[in-house]
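Next up is one chain by itself, shown in structure tokens, the form predicted alone.
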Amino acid sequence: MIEKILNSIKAIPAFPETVQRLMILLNREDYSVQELATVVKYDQAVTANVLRIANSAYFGLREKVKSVEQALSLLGRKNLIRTIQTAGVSRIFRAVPARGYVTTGSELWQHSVAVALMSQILSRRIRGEEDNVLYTAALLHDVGKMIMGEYVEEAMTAIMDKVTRQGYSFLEAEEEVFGINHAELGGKIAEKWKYPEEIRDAIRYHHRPDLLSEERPVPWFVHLSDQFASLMGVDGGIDGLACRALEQTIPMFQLRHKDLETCFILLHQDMDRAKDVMNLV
């Protein structure tokens, strides 16, 4: 079963070449807006999504963005990276519905965006800055569900029996039934897309960051952000509340009850502003 599931990775679309080329350019200190615009303008889907995201209430730009060049110059490097990643990832979610977990691909996408937004709220509050690596890892944390969904749908009775009768978390039930879980599978997909180790590990361990041999903040941030989104009802599928939260997470980040309430309010506000982004799928 493990071999069959891993072979299914071949069916997942390649990460958009346009996005890969843009990210290479953005990693150069001497990139120019014109170079970026030249790459984007030949990909109509990415162009449309970049403009839609740039004009969303989330960024709150004072003037309407009418061209890629204008979007690239107004957003700035940090927001540009985030916008291009979001535009590219949304195409993947649209192409491969995560049946088994959710009714429509948009449900999983909305959860993924909510977790990405929450990751930045927490990063600002705890570290005093936003983090694009964390944003990308949070946006992609459940990408394994896009492959695993088909198998979950076929084995739902066996999985739910372990969850409801035997006290398994959904993740543990997946591993018991298939020999692999959606988080580990997601890490392998990120590896196929040539994402760096930090992002791959954050995806692979977003339910169990405590299993990492060394302490890394990004997987813990993604884990906590995932819990926040699920508690708000944006849970990304049938497994949403059938998971285990790690007790040490809140004390690790020294979060008080008041901090949690504030983060919930900020996430609600960000999700409202990001409606156009959440409707991309």
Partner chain sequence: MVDIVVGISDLKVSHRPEDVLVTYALGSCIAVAVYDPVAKVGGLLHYMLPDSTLDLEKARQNPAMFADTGIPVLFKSCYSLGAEKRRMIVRAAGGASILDDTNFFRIGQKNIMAMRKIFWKNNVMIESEDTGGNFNRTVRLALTNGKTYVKTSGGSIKEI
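Please read all numbers here as calculations on a predicted model, not as lab measurements. Residue numbers count along the first chain shown, from 1.
Absent from the display: the form predicted together with the partner chain. The rest refers to it.
The candidate stretches are 80-88, 167-175, 136-144, 205-213, and the one lying within 4.5 Å of the partner chain in the model of the complex by heavy atoms is 167-175. Put simply, of 243, 39, 45, 61 only one has a heavy atom within 4.5 Å of the partner chain in the model of the complex, and it is 243. Proximity of residue 14 to the partner chain in the model of the complex: non-hydrogen atoms within 4.5 Å are absent; the residue sits far from the partner.
At the 4.5 Å threshold, heavy atoms of residue 222 stay clear of the partner chain in the model of the complex, well away from it.
Under a 4.5 angstroms non-hydrogen atom cutoff, the partner chain in the model of the complex lacks residue 56 among its neighbouring residues. Within 4.5 Å of any heavy atom of the partner chain in the model of the complex lies no heavy atom of residue 10. Remark: all three candidate residues (230, 233 and 265) come within 4.5 Å of the partner chain in the model of the complex, counting heavy atoms only.
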